[in-house]
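Two forms, one chain: they're shown below as C-alpha cells, one block per form, named structure 1 and structure 2.
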Structure 1
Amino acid sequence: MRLGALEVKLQPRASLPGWKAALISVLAIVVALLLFSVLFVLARVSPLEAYREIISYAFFNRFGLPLSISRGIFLLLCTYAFIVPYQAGLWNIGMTGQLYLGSLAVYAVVLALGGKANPSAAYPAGLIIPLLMLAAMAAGAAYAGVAGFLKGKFNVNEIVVTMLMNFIAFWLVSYTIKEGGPFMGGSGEGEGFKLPAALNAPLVAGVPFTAFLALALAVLLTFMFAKTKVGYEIRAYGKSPAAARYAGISGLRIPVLVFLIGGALAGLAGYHYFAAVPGVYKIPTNYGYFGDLAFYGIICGLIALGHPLPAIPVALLFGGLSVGGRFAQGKLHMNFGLDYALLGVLMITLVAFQFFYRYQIVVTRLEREPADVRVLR
C-alpha cells in the first residue's frame, strides 16, 4: 500500500522480543476493555463508572479482594492446565471436566473417611489435606490422560475429545450432587455436602495456601520448560512432531505426559475452588459457572504466549474483572452474564491481535533503491 512517498507493508516478523510481545498483549487487553465498554453504553451505563465499580470492588474492597485473589488463583491453575499441553502444540480445553473430576475425587475421599455423616469429626488435617490434593490431581490427570493417550496413540483430535469429556464430567457432577446422588448435601438444593470444618484449607494472610502453591508452580513450570530435558522434549514436539520423532522423542509419551500434567493442575484447581476457598467448601449447585470460568485459562495462556510467569498478572486481573463484573452487574442493574460477555470479548480481541505477534507494519520511503544491491547467494 502506498501513501505518498511512503510504502506501508505487512511483513512477517523474523523474531519477537519479549518486551514487544508483552506490549502487544497489554494492548490487546486494553482494546478488549474498550470494546467491552460498548456493552455498558448499550445498557445506558457510563463505562467509566462501570470500570470504577469493577476495579474498586475487585481490588480495593476488603470483601472483593480475597474473592479476586481466590478466583485469580483458580484461573491461574486452569491456565497452567492449558499451557503445558499448549507448549506441546496441543489444546486442552477440558480443564472444566478435569477440575470437576478433581473435586469429585476430593469429596469421594472425604465421603470414604466418613466426612459426610460426621461433619464435625476431628481429622489430622496435615495428613488428610495433602491426600485430598493428591486425589484431585490424580483424578484430573487420569481424566485428561485419556485425551493425551487417544491423541498420541490414534491421533484423535484432542479438542473434540476434551470438550466431549467436559460434558460427561458435567453430568457426572449433577448425578453425584442432585436427586439423591452420593455426594448430595442435606440442604435439599441439589448441592454437595459440606467439607468437615477440620479439613478446611489453612489460610495464609487471609488467602488459601493454594495461592502460594500456584505461584511456586509458575517458577517450577518455567524452569521445566527452559532448562530440563522433558521441557525440551515438550517444546520440540510442540514446534514440530516430525522433527521431534527424528530426535528420538516419543510421539505417544509427550501427549500423554502433557495431558497428565495439565489434568493434574486442573484437578488442583478443582480442589482449590471447591475445598480451599473460604465460603465455598462444597460442590455448589452452580458449579457449572466455575467450570465455565475455566475457559479464561485459554485466554490467559494465549495472552501469556504459553509462559507461566506472565500468566500470573493476567490471571489475577481476569479473576478480579470477573468478580468485579458480577458485582457491577448487580449494582448497576445490568443483565446476567456480564463476566461471560467479557470472556467472549477478550477472547475475540486476542484472536485478532494474534496477527500482530506474527506480522509487523513496516513503513519505508520509496525514493531511493537500497544501496547494497548484490548478487543473489
Structure 2
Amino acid sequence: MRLGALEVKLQPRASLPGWKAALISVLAIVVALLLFSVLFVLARVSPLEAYREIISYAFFNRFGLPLSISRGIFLLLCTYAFIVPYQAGLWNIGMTGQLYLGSLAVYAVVLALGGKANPSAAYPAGLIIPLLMLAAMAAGAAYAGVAGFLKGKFNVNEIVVTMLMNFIAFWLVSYTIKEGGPFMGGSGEGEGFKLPAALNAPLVAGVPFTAFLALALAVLLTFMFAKTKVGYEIRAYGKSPAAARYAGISGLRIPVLVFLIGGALAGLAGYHYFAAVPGVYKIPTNYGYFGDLAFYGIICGLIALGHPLPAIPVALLFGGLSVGGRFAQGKLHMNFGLDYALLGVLMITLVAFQFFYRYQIVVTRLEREPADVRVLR
C-alpha cells in the first residue's frame, strides 16, 4: 500500500525475540484496559478508581492475593494441559472434563477410605495426599487419552471429541453430588462432601503447596521440549505429522502421549482447586464456574506461544483480574459479570495482537537513492 512517498507492506517475521513478544503483550493489555474503560464510563464509575480497586485487591490485599495466586495456579495447570498437545499441533479443548474427572477421583479415594462418613478421623496425610494427587492425574489422563487414541488411530477430530467429553463429565459430576448421589455433602443438594481436615493440603507461605509444584512443572516441561528426545518428537509431529511418521515417529504414540500428559495436568488442576485451596475442600455448587474458567488456559497458552515459562505471568494476571473484578463488582455496585467481561475483552485483544507476533509492518520511502527502510516492530 502506498501513502504518498511511502510504501507500507506486511512482512512475515522470521523469528520473534522474547522481549518483543512481551512488549506486544503489554501493549495489548494496555489497549484492552482502555477499551474496557468504556464500560466503566457508561456505568458512571471512574476507570481509574475501578482499576485501582481491582489491582489493589487482587495483588496487594492480604485476602485477595492468596485468592489470585490460587486462581492463577489453577489457570496455569490448565494452560499446561493445553500447551503439551499444542506443541504436537493438537488442540485439547477438554481441560474442563479432565479436571472434573480428576476431582471425582480425589473424592472417590476419600470416600473409599471412609472420609465422608467420618470426616474427623485421623489420616496419614503424608501418604494419602500424594495418593489423591496421583488419582486425580490418572483419571484426567485416562479421560484425555481417549481423544488421543481416537486421533492417532482413526484421525478423529480431537476438538470435537474433547468438547463432547466435557459435557459428559459435567453431568457425571452433577449426578454424583446431587441429592442421593455418592459424593453429596450434608449442606444441601448439588454440593460435594467436605474433605476431612486431616487431608487438607499443606500451605507454604499462606498458599497451597501446589503453587510451587506448578512452577516446577514449568521448568520440567521447558526442559522436556528443549532437551529430550520425546520433546523433539512432539515438536516434530507438530511441525508435520507426515514428515514425523516418515522419520519413524509413531503417529499413534505421540497423540496418545500428549493427551495423557495434558489430561494428567488438567486432573491435577482439579485436585488443586477442589482439594487444596483453603475455603473450598469440596466440589462446590458452582463447579461449572471453574470448568468455564479452565477455557482461559487455552488463551494463556496461545498468548505464551505454547511455552510454559511465559505462561506463568499470563495465568497470574488472568487469575488476579478475575478475582479483583469480582471484588470491584460488589464494591462499586456494578452489574454481575464484571470479571467475565474484563477477561473476555482482555482475551479478545490479546488474541488480536497475536497478528503482530507473526507479521511486522515495513515502511519504505520511495526515492531514487537507496531506500530508507524503517521497520515498525
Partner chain sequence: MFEFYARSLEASMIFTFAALGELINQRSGVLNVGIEGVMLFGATLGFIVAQTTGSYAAGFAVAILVGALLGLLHGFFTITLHGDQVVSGMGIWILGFGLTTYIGSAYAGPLGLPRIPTVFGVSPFVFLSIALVPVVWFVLSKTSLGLQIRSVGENPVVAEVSGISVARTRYLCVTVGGMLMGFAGAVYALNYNPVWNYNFLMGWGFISLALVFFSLWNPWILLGGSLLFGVFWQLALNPQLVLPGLMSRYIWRTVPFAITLVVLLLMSTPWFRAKWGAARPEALGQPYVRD
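Computed from a predicted model, the values in this text were never measured in an experiment. Here, a residue number simply tells you its place in the sequence of structure 1, counted from 1. Just so we're on the same page, rigid core means the largest C-alpha set that superposes within 1.5 Å between forms.
Taken from the form predicted together with the partner chain is structure 1; the remaining one is not.
Relative to the superposed core, Leu309 shifts its CA atom by less than 2 Å between the two structures. A displacement of less than 2 angstroms separates the C-alpha positions of Arg62 between the two structures, with the rigid core held in common. Core-based alignment between the two structures gives a C-alpha movement of 2.8 Å at Leu39.
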